[in-house]
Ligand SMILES: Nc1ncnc2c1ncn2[C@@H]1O[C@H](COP(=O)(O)OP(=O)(O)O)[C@@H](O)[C@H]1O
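Read the single chain below, which is given as structure tokens and is the form predicted alone.
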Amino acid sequence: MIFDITILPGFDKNGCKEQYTYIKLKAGDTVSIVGPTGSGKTALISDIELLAQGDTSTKRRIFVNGEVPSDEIRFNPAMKPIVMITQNTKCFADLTTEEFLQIHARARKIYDKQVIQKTIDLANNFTGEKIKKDTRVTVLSGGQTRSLLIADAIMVGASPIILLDEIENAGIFKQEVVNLIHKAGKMVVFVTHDPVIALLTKTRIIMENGAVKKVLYQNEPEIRAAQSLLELDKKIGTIREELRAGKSITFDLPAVNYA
């Protein structure tokens, strides 16, 4: 059972120690990591995924439930409590979607045959172009692959911590992803440039020059701003799908009120 993880400071790109005591993330938390390109967002999420113990370039250390994680948790894929879905979704095995999920289910000792179809059905909630069980993983688009991996992490991996690296770039239905993961009570960390995702998360880690610059927490004005942006984002999503379907746009976008 994972109750929390603690991030201890490392060093920035100039070799200066980060100016925070620790960052504690708890089960059920939603966290975004934001900052300019090259500011160290991916390095931080990678440290979490690796459960780093001063053995990465940043020298950060990650504790699980207040303790140093065991080597089994760190290095045994079947025991690792973290799944990370990155921008690199290339799959080298020429398997069907069904075969791919069956292999993972067996590795996790899951023998419920219905879990495969449930996972594919869940993935299809996140993507406009539907995934079929006999489709080869190697021919899935980036958005389809990422949708499948997110559904796999939730249904098959059952990982308590999910790390998502810029999912908005894949054209998936990100709001559905955020809602579902939040309801599942998992700790989810987003690396993102998307203001909707950043404002929806309860904790926001700001990166600069390879270091954590500050940690912000969601407030009432930000919640209102997020709701306004959500309405606009949904409208943009509708337009995107209609354009993909070859339709003409015949309505105006609503004004956004951040007050």
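When you see a residue number, it is the position in the sequence shown, counting from 1. If you're wondering where the values come from, they're calculated on a predicted model, not measured in any experiment.
There is another form of this protein, the form predicted in complex with the named molecule, and it is not shown here; the text below is about that form.
Remark: residue 229 does not count among the residues lining the named molecule in the predicted complex, judged by a heavy atom distance of 4.5 Å or less.
When the named molecule is considered in the predicted complex, residue 203 lies well away from it, no heavy atom lying within 4.5 Å. At the 4.5 Å threshold, heavy atoms of residue 70 stay clear of the named molecule in the predicted complex, well away from it. Contact annotation: residue 24 falls outside 4.5 Å of the named molecule in the predicted complex, judged by heavy atom distances. Heavy atoms within 4.5 Å of the named molecule in the predicted complex map, among the stretches 61-69, 38-46, 195-203, 219-227, onto 38-46 alone. In this stretch, 191-224, the one residue having a heavy atom within 4.5 Å of the named molecule in the predicted complex is 210; the partner itself is omitted from this view.
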